[in-house]
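This document starts with one chain, in the form predicted on its own, laid out as structure tokens.
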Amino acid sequence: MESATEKSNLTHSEQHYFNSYDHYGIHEEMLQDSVRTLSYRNAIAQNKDFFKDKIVLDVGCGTGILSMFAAKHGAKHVIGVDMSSIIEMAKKLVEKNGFSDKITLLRGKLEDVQLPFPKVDIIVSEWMGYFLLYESMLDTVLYARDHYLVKGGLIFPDKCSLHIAGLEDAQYKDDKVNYWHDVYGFDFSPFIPLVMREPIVDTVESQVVNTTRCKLIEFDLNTVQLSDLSFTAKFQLQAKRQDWINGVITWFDVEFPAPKGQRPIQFSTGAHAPYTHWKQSVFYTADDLECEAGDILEGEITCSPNKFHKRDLDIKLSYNFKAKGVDAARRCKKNTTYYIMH
């Protein structure tokens, strides 16, 4: 399929990003994430009256699964756009499942393609990345909203929020750091600052989360602006038990539009919720915080795109641990740590 975007003209990091979605494996992982895929299917099915005879734009359509959900539930026509070569497979899948007359697939960056309709009634997109904003695909969804969505049109999903809590993860953190002190008899400790700068994306067991949770920020996709995606958000967490806080865990929640009077479809990627391929993002703190029940960890997180590679994230975590009770003065800590998610 001819692409509206010449890949060789893209930066190396952009090429790497789009190439990562060429292989079927990443799409297999996403399709098999039943929380993700069924949430989209159920949200579209619940809103089939909204989709009936409407023009739908699927941003970053991948294998075309969301496009086919929309077509199956009454859309007049669906336009799927994707830069990656997986769209060739999407075309075969659309034909094989009998939707060729209702789904048009276009290869290229959304900013470069020419849509067959001047406006669309609904945008669907599975744009979320680790820490919600990693990979910056939301930028493209907002471009689609501002250039193609009719006034009063719908976006699926239309609300998302980022959350934080503290966790005890001493053994994993210790293994991660101490390994570099003795690598086959040599001191490789200069690697430690580099290792600590990268958040861990992994499945966290809910029992290691040992503080209350806090919502960092919420985005309404109907109104959010690109500038809002660089943010500083404050948090306050309370320790639930006597333990150690070795870092913070973050996750996001998502919500879809719903007919009036019906409960919206939503899902969470937190440790308390069923598994998703997004897992959770863990940021280890510079200090291991010895906490008693009721102690307060407060601070703020600043997030912005990396100035060299805009799909990466620069994240700053500042915290003030306010211990109370026994030996409180010794246990209180303040610090600021910097991370890059890439």
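One-based numbering along the sequence shown. Note that the structure is predicted; figures quoted are calculated from it, not measured.
This protein has a second form, the form predicted together with a small molecule, left out of what is shown; the following refers to that one.
Screening 198-206, 79-87, 241-249, 148-156 for residues having heavy atoms within 4.5 Å of the small molecule in the predicted bound form returns a single hit, 79-87. This chain lacks the partner; the member of C61, C291, V56, L297 within 4.5 angstroms of the small molecule in the predicted bound form by a non-hydrogen atom is C61.
In summary, among the residues L105, I164, L110, I217, the only one with a non-hydrogen atom within 4.5 Å of the small molecule in the predicted bound form is L110. Proximity of K316 to the small molecule in the predicted bound form falls outside the 4.5 Å heavy atom cutoff. At the 4.5 Å threshold, heavy atoms of A45 stay clear of the small molecule in the predicted bound form, well away from it.
Heavy atoms of D121 never reach within 4.5 Å of the small molecule in the predicted bound form, leaving it off the interface. At a distance threshold of 4.5 angstroms between non-hydrogen atoms, I65 is in contact with the small molecule in the predicted bound form. For the marked spot (Y17, H27 and E126), a heavy atom within 4.5 Å of the small molecule in the predicted bound form is present in each of the three residues.
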